[in-house]
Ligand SMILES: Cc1cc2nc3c(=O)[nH]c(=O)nc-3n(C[C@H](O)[C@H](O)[C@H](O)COP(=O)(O)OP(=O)(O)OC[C@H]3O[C@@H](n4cnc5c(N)ncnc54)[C@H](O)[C@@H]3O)c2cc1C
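One chain comes next, on its own, written as structure tokens: the form predicted alone.
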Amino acid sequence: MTNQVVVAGGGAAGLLAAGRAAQKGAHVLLLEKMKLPGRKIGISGKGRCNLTNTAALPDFIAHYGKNGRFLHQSFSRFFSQDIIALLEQLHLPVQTERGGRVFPAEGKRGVDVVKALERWVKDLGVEIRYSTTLIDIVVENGRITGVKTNRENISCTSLIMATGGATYPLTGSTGDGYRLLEKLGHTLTPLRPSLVPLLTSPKIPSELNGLQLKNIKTRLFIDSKRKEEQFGELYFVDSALSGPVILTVSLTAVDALRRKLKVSLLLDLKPALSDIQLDKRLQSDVTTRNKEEISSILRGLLPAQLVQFCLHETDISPTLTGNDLSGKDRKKLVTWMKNVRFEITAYGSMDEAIVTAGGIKLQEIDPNTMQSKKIDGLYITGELLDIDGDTGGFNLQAAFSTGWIAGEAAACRQ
């Protein structure tokens, strides 16, 4: 039997596309190269799975940069409240946390989301073929006529590409879709890792690994010009900088480094205090604890792991007592805490990135249907598109939404 709609990829976009196409009456075949679907959903957010965000539409779209406008049509038809309603219908409640981030409710994780969506598509009659890799796409006279897999050739009139990006290759996202679409004549903008840790010179001391800082401000400088500013959490991981404030600015840093520009990052560890206020606080601590060593006094202002790093960077002896700390040294400490400087020299690989930046050029896709403007019956969704969002649930929502409208369009086309 000819399969009316073939969906390549069983991730967020693919599962939503398959389910929606089946809801609209299409016969749907979902091809998944792994033994199980949704592997990337299962591990996202360290397994907790940040599904979406409660931000209003204009703010939501702003989290994708200049390409965010493309998603307006998708979001107007399937948005955060819709994926939440779908999951709750599937008996998977959610909870909203700080920053509008939406997660499965207490006791549920990403794997439960995958199981719920897999059950949903199967109940709708979708046939899933696991361990099946898309090898080639068959096009005749500018129309989709079939696909070739590692197992068989399949005839179809619509193909929804949802094969994911090039990050987390162990989940099945190995960039195959980009190569196949480029072969068909689509334009691929350069692929880069996004939401990725940043590496510094000199290398961050190993004793800082695992340290998490909250409520700090970061300022990213490109060739000494301030480009971005973020407030929130920062993590030291494997001698690199990570955490929400780093991931959010990482693509700007990646693109600058690729252009051989100088990239610097300044951390304000005490953004709630001005330089004068921080100096008064430190002066007070030194005065009241004047017989203690400065390494002990600073623990009132800094995490223990950061104290030694601070004293090393400011060239102040850790055994110096409060009585012996000069005004000049006190000023050095204040300046350091307000302007911890790192030179960014490299970034994590695709294996370490959360999403892939770059992808199929948006001008070649109809934003109302996700259909290719080059090939009839070909739909392109999710991370294959030249769209990447900030951390906070934005990337999964883009996948859910583009998959949903592609599934609907492909089914209604029959």
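Don't overthink the numbering: it's just position in the shown sequence, from 1. Please read all numbers here as calculations on a predicted model, not as lab measurements.
Although it is not shown, the form predicted together with the ligand is what the next lines describe.
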| query | finding |
| --- | --- |
| Partner proximity in the predicted complex: residue 395 to the ligand, non-hydrogen atom cutoff 4.5 Å | yes |
| Interface membership of residue 160, the ligand in the predicted complex, 4.5 Å heavy atom rule | no |
| Contact test in the predicted complex: residue 21 vs the ligand, heavy atoms, 4.5 Å | no |
| Residue 118: touches the ligand in the predicted complex, heavy atom cutoff 4.5 angstroms | no |
| Contacting member of 43, 346, 362, 62, with respect to the ligand in the predicted complex [4.5 Å, heavy atom] | 43 |
| One residue of 380, 353, 357, 28 in contact with the ligand, assessed in the predicted complex (non-hydrogen atom, 4.5 angstroms) | 353 |
| The ligand in the predicted complex: contacting segment from 90-98, 129-137, 279-287, 260-268, heavy atom within 4.5 Å | 129-137 |
| Stretch 13-33: residues contacting the ligand in the predicted complex, 4.5 Å heavy atom cut-off | 13, 14, 31, 32, 33 |
